[in-house]
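Before any questions on binding or motion, here is one chain by itself as structure tokens, the form predicted on its own.
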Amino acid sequence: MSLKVDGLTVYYQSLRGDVKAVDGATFEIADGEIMGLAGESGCGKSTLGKSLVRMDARMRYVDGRVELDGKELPVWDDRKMNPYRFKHVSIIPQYALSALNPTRKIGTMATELLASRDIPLNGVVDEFKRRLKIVGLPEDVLERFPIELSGGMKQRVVMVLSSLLDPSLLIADEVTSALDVSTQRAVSELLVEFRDRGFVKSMIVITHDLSVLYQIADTILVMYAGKLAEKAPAETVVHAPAHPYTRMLISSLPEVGVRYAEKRLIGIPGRPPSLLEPPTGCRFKTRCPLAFEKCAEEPPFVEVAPGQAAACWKATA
């Protein structure tokens, strides 16, 4: 087992109170698994990803436990997490295109990153160049500034830097959101190749684009308003979802070959609740067409079919 998360609860502190961004997340990722993490904007998916590597000082860890390869990660302590970052758990940040220092050449940034982990560049420079070649970049990228690279080239540089130390878990946060369609496909395929080549053991790919996850993910975890809604194999989530939110999310996506001048594309009515004061019970109940009295109680996130878990009273009935 690569990753085990048990009851992880992470809030953001604000002047108006605690923003309950991730509330009691419990799930596992197996060795070699690419798990997609999906949901509407503001559902907590990026917070969940960043909390596993502790990359945001605004986070307040309230509860929960995270284990990677059988060893507990001290995610509550920034200093104690430092030896684990990039070596054991790494991240391709959400704004990767802006993550590169514009005043530093790519090679200089790589040297500084490795030095922060007490690793000389000379020891990995050949491997670094080999991986640049794998992602379609020339060696002279090391002598260039970020402004000299296209968006897709910057994204691939960050991918190589984030995985250079062969982390057990790589978190890819919205890596395709700022790219054109052809570059999205190339970057998505590279993520799978990184796993297949053993550069990373397991991966979490965070995006609102379910079509991307369907192509590359083994499993998909759907979040809603800080809570886990459903986790299942990608094929099951897309074709046989158990949670009403997942069904409505899938049905709101355009289909290939359908003319929407003739058939109207229907979204999910209403809006997600505020995470400052989330409602009791099921957080989706005010938007759910299947809501009934029992939804005033919070549904457990439990297995509803082999390999498929959901948090819905109707799904567990």
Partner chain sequence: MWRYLFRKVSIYVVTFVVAVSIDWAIPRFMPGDPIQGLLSRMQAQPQASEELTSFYTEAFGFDVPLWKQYLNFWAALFQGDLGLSITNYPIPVTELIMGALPYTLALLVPAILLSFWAGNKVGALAARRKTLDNTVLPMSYVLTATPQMWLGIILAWVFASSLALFPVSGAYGFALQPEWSVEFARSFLHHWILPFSALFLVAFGGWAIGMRNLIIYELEADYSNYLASLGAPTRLVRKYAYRNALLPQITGLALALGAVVAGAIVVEIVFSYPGLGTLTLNAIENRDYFLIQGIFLFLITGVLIANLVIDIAYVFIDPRTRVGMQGGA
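Since we're looking at a predicted model, the values are computed, not measured. Numbering follows the first chain given and starts at 1.
Absent from the display: the form predicted together with the partner chain. The rest refers to it.
Using heavy atoms only and a 4.5 Å cut-off, determine which of Ser188, Thr207, Ser162, Thr219 is in contact with the partner chain in the predicted bound form.
Exactly one listed residue reaches within 4.5 Å, namely Ser162.
Out of Asp180, Asp196, Glu148, Glu127, which one falls within 4.5 Å of the partner chain in the predicted bound form, going by heavy atoms?
Selected residue: Glu148.
For the chain shown here without its partner, which stretch in 236-244, 220-228, 78-86, 199-207 has non-hydrogen atoms within 4.5 angstroms of the partner chain in the predicted bound form?
Among the listed stretches, the partner-contacting one is 78-86.
Hey, in the predicted bound form, does Ser90 get a heavy atom within 4.5 angstroms of the partner chain?
Heavy-atom contact with the partner chain at 4.5 Å: present for Ser90.
Would you please decide whether Asn122 lies within 4.5 angstroms of the partner chain in the predicted bound form, comparing each non-hydrogen atom pair?
Close contact is absent here: in the predicted bound form, Asn122 is far from the partner chain, nothing within 4.5 Å, heavy atoms only.
Does the 4.5 Å heavy atom contact test between Arg283 and the partner chain in the predicted bound form come out positive?
Arg283: no, not in contact with the partner chain in the predicted bound form.
Taking the partner chain as it sits in the predicted bound form, is Ser211 in contact with it (heavy atom to heavy atom, 4.5 Å or less)?
Output for Ser211 is no: heavy atoms all beyond 4.5 Å of the partner chain.
Is every one of Ser41, Cys43 and Tyr61 in contact with the partner chain in the predicted bound form, taking contact as a heavy atom within 4.5 Å?
Not a single residue of the candidate spot has a heavy atom within 4.5 Å of the partner chain in the predicted bound form.
May I ask you to list the residues of 225-250 that have any heavy atom within 4.5 angstroms of the partner chain in the predicted bound form, in sequence order?
The stretch 225-250, when checked against the partner chain in the predicted bound form, contributes no residue at the 4.5 Å heavy-atom cut-off.
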